[in-house]
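We begin with a single chain expressed as structure tokens, specifically the form predicted alone.
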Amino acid sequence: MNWQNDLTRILKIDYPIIQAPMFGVTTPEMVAVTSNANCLGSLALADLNTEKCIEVIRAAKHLTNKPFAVNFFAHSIPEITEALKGKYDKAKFFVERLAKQNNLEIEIPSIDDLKINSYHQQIDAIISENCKILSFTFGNLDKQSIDRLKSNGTLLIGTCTSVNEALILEQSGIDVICVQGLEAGGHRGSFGSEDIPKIGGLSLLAQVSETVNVPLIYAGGIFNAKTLVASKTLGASGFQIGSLLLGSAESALEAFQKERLRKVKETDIVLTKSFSGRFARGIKNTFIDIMETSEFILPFPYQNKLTFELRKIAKINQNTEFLNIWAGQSINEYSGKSTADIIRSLIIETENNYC
């Protein structure tokens, strides 16, 4: 198999394999070993503040001199209205009481004490640290931000979950599009958080590849050579892997979380808004079961902030019933080997069977 293509040339990598930016899983070490394997590491910044963005970017730079991407959330932030304050207070009381009933002592901040960061603040950090590859999800960047980043020589990778979203990204001048299928682990990259596109990945990829004229990365269900080659056949130039790396040595998940992953069954994997207010795919647990039948799910990012303390204390207590563990539909062994070894095995398997 010839790995070289339009994407490897513009990203300056040997293999068009992209390590997914998974906030809470990705570490600077994971990013560095991926890039050092001549693939593209992706550093998840989510909605971190400027200072924290600079800190983790520098940590990754310290470990590699190869190209890597940074990734953030390009979401709009709902206004805090009196109605939202009322809903937040009710949800706060409900979650605190639920936690106490399950021996988890938490204190959730009031909505007025929340710190909400927009991607505009993060752009300052990205430019100041001379990051030349930026991927983003949950929407599109505004024109001023696109112009500013392009004037800095930054390559832009947007995420789509529908043909229409892909067209919007292309028409905005985005350089590369990541096509995310419904089967992918973690959050949907859709522009909205309600009534999200529910299109299977390979079907979506085939349609997008016939509609737009920019290089495509495919994300969703790639865990072996067969799934990688299938996405290549349907138009992908790059192949993003996420769930395959969850159990890796460089993953930020703790041992008890990796143990839960390795016991997962296909019926355990669900889409839920319970933890963040946006649909995400992960392992079903007690918190999800209770919240999905409640009226206490707030819009993103307020639900995400609401459940932060619960997730933090549940992790300390190694309680997987009140902690999100994101994973895609392609269940695998969740190897504990190095990310570099997992990627190398995928490359060798592909070359041995499809050359």
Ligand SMILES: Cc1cc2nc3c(=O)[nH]c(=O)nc-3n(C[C@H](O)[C@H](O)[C@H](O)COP(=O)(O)O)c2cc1C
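Each residue number is its position in the shown sequence, starting from 1. Remember, predicted model here, so these are calculated numbers, not experimental data.
Beyond the structure shown, there is the form predicted together with the named molecule, which is absent from this document and is the topic of what follows.
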Thr8, Ala37 and Gly238 all contacting the named molecule in the predicted complex, non-hydrogen atom within 4.5 Å: no
Though only this chain appears here, would Phe73 touch the named molecule in the predicted complex if you measure heavy atom gaps against 4.5 Å? yes
Is Gly186 close enough to touch the named molecule in the predicted complex, meaning at least one heavy atom pair within 4.5 Å? yes
State yes or no: in the predicted complex, is some non-hydrogen atom of Tyr15 no more than 4.5 angstroms from a non-hydrogen atom of the named molecule? no
At 4.5 Å between heavy atoms, is Gly242 in contact with the named molecule in the predicted complex? yes
Name the residue from Phe287, Phe68, Trp326, Tyr302 that puts a heavy atom within 4.5 Å of the named molecule in the predicted complex. Trp326
Consider the chain as shown here, without its partner, and state which of Cys53, Leu310, Ala44, Ala32 has a heavy atom within 4.5 Å of the named molecule in the predicted complex. Ala44
Which of 125 to 133, 144 to 152, 177 to 185, 195 to 203 has heavy atoms within 4.5 Å of the named molecule in the predicted complex? 177 to 185
Enumerate the residues of 16 to 48 that have a non-hydrogen atom within 4.5 Å of the named molecule in the predicted complex, in sequence order, or give none. Ala20, Pro21, Met22, Phe23, Val25, Ala44
